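In structure tokens, the next block holds one chain alone, the form predicted alone.
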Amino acid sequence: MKLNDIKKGQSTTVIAVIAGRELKNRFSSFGLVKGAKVTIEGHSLAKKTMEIRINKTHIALRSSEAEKIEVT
């Protein structure tokens, strides 16, 4: 399952990040790594972007970025 398949208010755990080195490093700097617990805070109207929370950090991701993150 991909991160952009998760609905608002649900929590999940990251299994893998399937992206290039640059994007992986960006995600890693936010704490978005294997084993991280992620909560979906909301989606834009067209579902092009989403807001997620990792611990106390809020992050906005594009849908194209979220589909590179596998979750349980």
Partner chain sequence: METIRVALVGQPNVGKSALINSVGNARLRVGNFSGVTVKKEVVRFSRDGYDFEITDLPGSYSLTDYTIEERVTREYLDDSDYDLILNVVDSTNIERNLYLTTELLALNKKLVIALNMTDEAVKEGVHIDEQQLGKILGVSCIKTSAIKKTGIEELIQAIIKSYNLRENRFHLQFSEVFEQEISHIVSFLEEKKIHCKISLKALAIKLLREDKETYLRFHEEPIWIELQPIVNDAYQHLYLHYDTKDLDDIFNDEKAAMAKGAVAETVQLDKQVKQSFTDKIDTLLMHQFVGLPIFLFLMWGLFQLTFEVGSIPMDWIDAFFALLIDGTKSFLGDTELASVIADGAIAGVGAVVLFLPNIIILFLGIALLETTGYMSRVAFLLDGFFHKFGLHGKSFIPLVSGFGCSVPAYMAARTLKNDRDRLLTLFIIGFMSCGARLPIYVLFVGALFSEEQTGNILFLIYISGALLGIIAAKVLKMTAFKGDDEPFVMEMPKYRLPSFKLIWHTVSAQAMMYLKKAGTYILLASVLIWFASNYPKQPEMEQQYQVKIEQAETQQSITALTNELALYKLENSYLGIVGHASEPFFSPLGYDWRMAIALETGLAAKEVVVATLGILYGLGEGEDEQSSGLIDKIRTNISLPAGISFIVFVMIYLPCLAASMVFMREAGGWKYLGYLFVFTTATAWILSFLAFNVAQFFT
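Quick caveat: nothing in here was measured; it's all calculated off a predicted structure. Residue numbers count along the first chain shown, from 1.
Just so you know, the form predicted together with its partner chain exists too; it's not on screen, but the next bit is about it.
- Taking the partner from the other structure, its partner chain in the predicted complex has a heavy atom within 4.5 Å of a heavy atom of residue 50.
- Using a 4.5 Å cutoff between non-hydrogen atoms, residue 61 counts as a contact of its partner chain in the predicted complex.
- For the chain shown alone, residue 11 is not a contact residue for its partner chain in the predicted complex, no non-hydrogen atom being within 4.5 angstroms.
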